[in-house]
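Below: one protein chain in two forms, given as structure tokens, structure 1 then structure 2.
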Structure 1
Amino acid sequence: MTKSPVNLEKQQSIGIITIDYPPVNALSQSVRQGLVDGIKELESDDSIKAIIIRCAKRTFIAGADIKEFGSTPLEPHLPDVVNRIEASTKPVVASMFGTSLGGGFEVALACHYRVALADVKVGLPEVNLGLIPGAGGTQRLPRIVGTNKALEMVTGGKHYSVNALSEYNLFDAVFESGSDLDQQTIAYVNAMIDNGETLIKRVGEQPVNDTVEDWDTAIGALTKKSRGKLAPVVAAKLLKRTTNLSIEEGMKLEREEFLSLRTSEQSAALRFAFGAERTAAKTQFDAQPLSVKTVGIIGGGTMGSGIVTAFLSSGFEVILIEQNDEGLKAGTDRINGNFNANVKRGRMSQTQVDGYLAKLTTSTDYQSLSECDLVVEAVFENMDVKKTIFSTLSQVCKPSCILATNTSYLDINEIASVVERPEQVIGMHFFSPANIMKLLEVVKAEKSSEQAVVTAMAVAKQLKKISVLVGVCFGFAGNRMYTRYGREVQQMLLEGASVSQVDQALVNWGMAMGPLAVGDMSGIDIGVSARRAQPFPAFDKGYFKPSELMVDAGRLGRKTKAGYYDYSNNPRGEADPVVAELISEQSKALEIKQQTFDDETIVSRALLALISEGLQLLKDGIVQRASDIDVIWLHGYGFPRHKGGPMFQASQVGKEKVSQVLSNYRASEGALIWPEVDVDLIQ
């Protein structure tokens, strides 16, 4: 018999139920059972006048146990648990801190009183997992904050501070952050008892005092914004349906919708993504990360200034190195621009920004890096320049300093070859804009030490980024797959698909942007010049030919008002018959067989190109696991989160089908383009 994670104790006339279920006190079956048993026992004890529900360690209940969602729900079901708490004949007080989310917030809403530390966060983030609150959250929340606020909270899935909800009587007492919550909660409850204020306040019995003026407009706007994600729209429609119902009727409908979403592919994908991100941060290395406080950044260009902004925003001391004062000025202007944008959008206060900028030093002298714990080189992609820089860093930096390059495809083993301690050299491949994109590829070169790897991944966590460990190859993992994806897109253009048809098909499927529109935005010439620096694959006669045509015609994208689209009359870009004509002529010259495309074929071809390259990455040992590839694509390339990622999609399609389709493509285009794969690498 395993010990229950819920224990009871009595302090004078207070019964205390403590949940101790690391890491976040999730509502596993054992916790749910412990809560029901605890309420029952304390209710029947005449010496008990009030009950506290508290949690040990890092947070009040952070939600239902996500790990249980893959299996049949076990009793006691959470709705029954929260209803049992609310039905208690003795006042129940939730003692809240950390992040009280989802089912944890639903438990608190079913309590008769809520006391909290001032920095507690609350919310119903179920939609981020493709779910809706399934234990009364959609019914009790409107009874406290009103339907309009509840609609925002339930469909947005965000976390809220005490201040953000201060206009609602959600908390009965708020205590100073960092103060002794347990001691203050007990004092609060003793005062309640002494003053005879042990009223049983049941949220479920309160009426809903408002409604959404125009539900159809609200739901219509939400449907558009959700771009195919089901849960937010289901939540909104449920709120509309249940506004005037009793809590019993409302919770019955809520449960039906919750259980239906729980088995949806979208929820499976979103729960997979949640777990994959956390798994990606794990390595098999035992090394302990070094402490990093001062960081040197070489280069104040777009990437360098974004990286500086990211480090400053996470509290690091930063030294920015540029070749001369003009470079420093340009770099600091970009950094100030990044921060000003955050202040303008209300993401940061000016006081915060001033504090961050106070930790920025600029210099043209590499000697100023002598005490850095980490240096990130972010200059332009030229091997000789990088080797010169790393050779200098090798002399001026302290032996324990981690020397990182932000290169997106150059050989880090070659860069490390000029450094006295190559074990200190690693890749930290940020994605632009580096102060916004969450993905960081940590590239382990042949001689990189395990400590360099775990230090870079620990720094990523401090930067609130999602890090994935990858190996050295052209383009590492993300860009190598992006090249394969781009080749397939360009090939479909040569076979007769139009530019807007390809982009629209992928956007309708869920991609954040069409690949050709992305090319126009970043500049078609960037990819073309990188590919021209590599040997041309003669076996692939159409290899990125459309992009070559664009560059040769001076159509570099938005920056020249023309690329795959024409931007001269419409900043959003319009289809351009000139482009279609150029590609069609090229196809004829290359004698490429034409075909008609539908959206499904376009998406399938693009997806299978990604899956094929992903399986090569796994075979080559460039990534640790298939789910790491998904994390890269969710956070670096706008892959729709509710589709899980290319390798998750492969697991949904099934190994047999993937193998069959790839064999068909191999038969028609050859094994050099569609190489043999090991589908057993699909998780």
Structure 2
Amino acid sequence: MTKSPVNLEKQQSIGIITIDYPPVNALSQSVRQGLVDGIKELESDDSIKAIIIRCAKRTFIAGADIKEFGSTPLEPHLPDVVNRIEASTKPVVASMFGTSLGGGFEVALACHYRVALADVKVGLPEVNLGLIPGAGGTQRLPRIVGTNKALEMVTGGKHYSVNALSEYNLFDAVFESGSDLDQQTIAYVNAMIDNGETLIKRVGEQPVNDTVEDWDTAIGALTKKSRGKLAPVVAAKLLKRTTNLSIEEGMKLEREEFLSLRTSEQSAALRFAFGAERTAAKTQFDAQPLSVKTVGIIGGGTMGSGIVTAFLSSGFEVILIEQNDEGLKAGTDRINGNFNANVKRGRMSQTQVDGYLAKLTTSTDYQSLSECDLVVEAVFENMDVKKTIFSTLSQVCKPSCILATNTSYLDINEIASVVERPEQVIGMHFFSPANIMKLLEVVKAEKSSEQAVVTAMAVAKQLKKISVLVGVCFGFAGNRMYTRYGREVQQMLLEGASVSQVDQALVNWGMAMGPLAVGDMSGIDIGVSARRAQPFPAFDKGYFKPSELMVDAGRLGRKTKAGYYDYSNNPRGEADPVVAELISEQSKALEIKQQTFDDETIVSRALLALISEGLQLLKDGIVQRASDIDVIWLHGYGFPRHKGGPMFQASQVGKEKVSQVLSNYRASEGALIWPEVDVDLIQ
């Protein structure tokens, strides 16, 4: 017989409803039903004077049950559950600990009292799934904290600590972290009963506390900030509409908007992304990861110092290797700069930073790495240099040490060929800035052991990064696709599109930055150098010619104050007629036919290039799943989350249309540029 996830007990005049539904006490149908039944039973017991809703194990109700995502909701629906709790004729107390989000927080808001440990975090993150709270969150929260704070919480989707909400009457009692919450809650409720203070405080019966000074201005600013995301704007407009409505009227409108958003493409994309991220780190390997405590990092440049910062911030002992003392000083200065920026922004305390930096050792002697569990090489992209480093590592590191390269493009099989234990060699491709970007491509080379791979992915989890397993090819998954995307962008420049037109079209569509502005930020010469190390594709006469022109003209991007844009007078960059002239002259020399571009054509062509290359990656076995490609693009390249990712977009466009458009491009530009792909790989 299946154990019920909701249990009742009575301690004298207190009725206790305990939710025990591992791992996070999510609001499954059985939990929802148990809450309704529990309130009904305890309410009818004359000996019970007050009711406590508590949870076992890790946390108070964390939110909706992920297992029910995408399925038809079963009764009782959550709005009915929270309304039933609030309607209880006996006071209901939420006993909160851990992280209570979404529906879990809505349950707490419906209770008449809320008590919590001091380290509790709460929030309404539904906008992150393209939704709004659907069980009274938009209606009860502003009655407690006011519409201004509710607007921030509902549209931002962030988690809030007890301290961050201390000025509001959200919690009736806060207990010291680590104390016995059950004991404290029972004592609190007994005191209520003994003192005759069992007043039923229904939040829904209170008026909305409208603290927003100018709703139109607030909604306008939010609309601009949301950059095409529907849910935050819908939530804001709903809050405005319901300021003078009853809880019943407000919840009715809330539910209508919730159900409408639930069927939207944006919500589907965001829910897809949520699931894809949780799938990405899964492999079929049975090997157990090695314990990694001490990590060596070779290279203290921008990338290496970012990697060091990431490891130190996660509690690892780190040894930084550079060629000389001057290099070590520059590297440690960069690391200190990374940490100082976090202190300035309030993300870390100076005490925390001092503790992290105490675990950093620097050296110019590779022998210092002899006891490392993992070494990550992060020097510039030169095969000979990397092979020399790995040959040395093979001699000085212990046999169990994992040897990782942070190369963005180079052949890891060739790098591994110089070591005695090639099974220990893998790629760990961090994205810049490495201490901030969440993506990590774990690259399995031909001879990489399963244990090396799962160790790298376990380390990624410790670093709080999202890891994706990929295979060896030029650029692996992300940069290989970015090269194909970039090729199409560059070709459109040669065919008559302007730099600002291309960038703006893609930003308007939702990309975090235009690809040409990204090139200026990262350095145009980096990509040019990587491509020059490869054979030139003779069949593609315009292949990355605009970027070649920029580098040959000394326009490397922001670092030279000139790239695709001019930065001499504006740090954000301005269009430069010199660039347009250079590209125009090149187009004429190559006899490339000119055309007029609109935003839709630019976006479609760039997106189809990504989809085409993504299908090739799947066919070649470089990635395990189509969804892994989407995770890479969401977290490595600023693809709009509410669009799901390039392969999700392919599924939305549909196999037939993708096939037709690709066939049209193939007919005009040839199969070497637009090869035959298997559209049946589109899910």
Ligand code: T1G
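Reference numbering: structure 1, starting with residue 1. Note that the rigid core is defined as the largest set of C-alphas that superpose within 1.5 Å between two forms. Since this is a predicted model, take the numbers as computed values, not measurements.
In this pair, structure 2 matches the form predicted on its own, whereas the other structure does not. Superposition on the rigid core between structures 1 and 2 places the CA atom of A56 2 Å or more away from its counterpart.
Annotation: Cα of P22 displaced by at least 2 Å between structures 1 and 2, core superposition. Relative to the superposed rigid core, G228 undergoes a CA displacement smaller than 2 Å between structures 1 and 2. With both forms fitted on their core, the C-alpha atom of M96 sits 2.4 Å from where it sits in the other form; this compares the forms between structures 1 and 2.
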